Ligand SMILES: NC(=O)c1ccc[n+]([C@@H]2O[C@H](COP(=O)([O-])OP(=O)(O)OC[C@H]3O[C@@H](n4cnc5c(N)ncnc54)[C@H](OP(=O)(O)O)[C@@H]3O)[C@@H](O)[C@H]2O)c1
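There is one chain below, alone, in C-alpha cells, taken in the form predicted alone.
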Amino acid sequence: MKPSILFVGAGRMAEAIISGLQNKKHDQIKDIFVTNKSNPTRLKELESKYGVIPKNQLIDRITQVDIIVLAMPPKDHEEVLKNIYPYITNQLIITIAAGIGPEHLEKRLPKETAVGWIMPNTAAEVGQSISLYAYGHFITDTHKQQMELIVNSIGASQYCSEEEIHKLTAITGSSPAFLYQFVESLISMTEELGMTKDVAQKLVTEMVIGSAEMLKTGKLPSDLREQVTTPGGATAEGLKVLKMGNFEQLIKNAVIATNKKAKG
C-alpha cells in the first residue's frame, strides 16, 4: 500500500525532500500534504511546483496519513509534538531537525509510537545529500521501508545509531559550510591575482567538482594528494604552510565545537 505523507513545515529541506519524492519515488507514494502555519503563500508555491496538497490546519490530515515529517526548527518541536499527541495512532513520525533524536520523540509521543530521525545536508536540494538516519524502538519492517523511501529520495544514506548521528552531524551536516568557507577563500585569492569574480568562481568551483569526482573513484585522499604533490615542488610548499598553520587540527577543532554547540 502506498503511503500518504504529511510535512509539518515548508522550508528548503522540506521542499528538497518533496522534490526528491516527486522526481524519484512518485509511483511509490499516494499523497503529499504540507502545512505551514506562518506562510500560506509558501504552501501555494509548493502546490504549484509539486502538486502537493496544502493544509492550513495541522490536525486536518494527521489521522489519515501514514508518515508525518517534522520539517521545522528544533525550537518548534515541543509545541508541535504536544499538539499532535492526541491524534497519533500508528503513524511513523520522522524529524529532520538537528539534536532531536528518536529518544527525544518517544518521550513526547504516545507509548510505542514509531519514530525516526534523518539528518540530511543542504546538497539534498540537488539530490546529492549524504543523509544519516536512525530508528526508535518500535519500528516495523513497513516503517523501515517508508523511512528508506524518504531518505533515499534525496541522495545517499547511512544507517546509524542515535548516538552516532549526534557525533557525525558536524561531519555530514555542518562540514559543507567549512568547505564553502575554503572555497570562498580561494575565490578571494583568485580575484587578488587579477581575475574577475565570475571567472574566479568558475575556476574554483570546477576545481572542487573535479576533485570530488576523483574522490568518487574510490582512491584514498592521501593518494590523490600525493599525485598532485611533487616532493620539494610548489604544491609541497603550499601544503607545508597549511601544516605549519595547524590546518588539520583546526578542522578537528571546528568539528568538536560544532558537536558541542549542537548538544546545547
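Each residue number is its position in the shown sequence, starting from 1. What you see is a predicted model; the values in this text were computed from it and never measured.
If you look for the form predicted together with this ligand, you will not find it shown, but the lines that follow are about it.
Residue heavy atoms within 4.5 Å of this ligand in the predicted bound form occur in exactly one stretch of 135-143, 159-167, 118-126, 176-184, and that stretch is 118-126. Contact between Ile5 and this ligand in the predicted bound form is not found at the 4.5 Å heavy atom cutoff. The closest heavy atom approach of Glu79 to this ligand in the predicted bound form falls within 4.5 Å. Within this chain, Leu109 is remote from the site of this ligand in the predicted bound form, having no heavy atom within 4.5 Å. Contact annotation for Thr235: none of its heavy atoms lies within 4.5 Å of this ligand in the predicted bound form. Among the residues Ile84, Ile150, Met72, Ile93, the one placing a heavy atom within 4.5 Å of this ligand in the predicted bound form is Met72.
With the partner removed from view, the residue among Lys252, Arg12, Lys25, Lys243 that has a non-hydrogen atom within 4.5 Å of this ligand in the predicted bound form turns out to be Arg12.
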